[in-house]
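The chain below stands alone, shown as structure tokens; this is the form predicted alone.
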């Protein structure tokens, strides 16, 4: 499975939002500008994230989006599954008979890859991504004088 633009941009926008929210709703316009992502596309992505219960929207002049839960309680797996669906390295057709060779490959390779990737996605949180982003951003802003 390859992560689509929807998954990559959605994750990127959530990290940006969580890094800049400071407890207040964030407008998608500001996220779109900072991340150079189409506002229309972000509106579609955040509609999906809202339906999945990851973000909540607020209306009004100071409206925007907020995380429904703390960033430490939102796994990357939750985000990507909301935007992409469940992860699996191969698409299985339940109507297709699997012979012993296909079953062996499925058991010893594809299932193990799926398990390891899903474990990684489950253990990585939005908070970890935000912390890494802030640290990387701070390192990029350092001034060096000779």
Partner chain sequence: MKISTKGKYALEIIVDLAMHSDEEHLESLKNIAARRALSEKYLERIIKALKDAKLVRSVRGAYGGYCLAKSADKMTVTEVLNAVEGELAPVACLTQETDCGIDCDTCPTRDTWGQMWKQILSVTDSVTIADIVKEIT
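Numbering follows the first chain given and starts at 1. All values derive from a computational prediction rather than experimental measurement.
From this point on, the text means the form predicted in complex with its partner chain, which you will not see here.
When contacts are judged by a 4.5 Å heavy atom cut-off, residue 132 counts as touching its partner chain in the model of the complex. Contact check for residue 20: every heavy atom lies farther than 4.5 Å from its partner chain in the model of the complex. Contact annotation: residue 50 falls outside 4.5 Å of its partner chain in the model of the complex, judged by heavy atom distances.
Among residues of the shown chain, residue 61 is not one whose heavy atoms approach its partner chain to within 4.5 Å in the model of the complex. With the partner left out here, its partner chain still marks one of 103-111, 53-61, 40-48, 66-74 in the model of the complex; by a 4.5 Å heavy atom cut-off that stretch is 103-111. Residues 7, 8, 9, 11, 12, 15 of 5-21 are found to place at least one heavy atom within 4.5 Å of its partner chain in the model of the complex.
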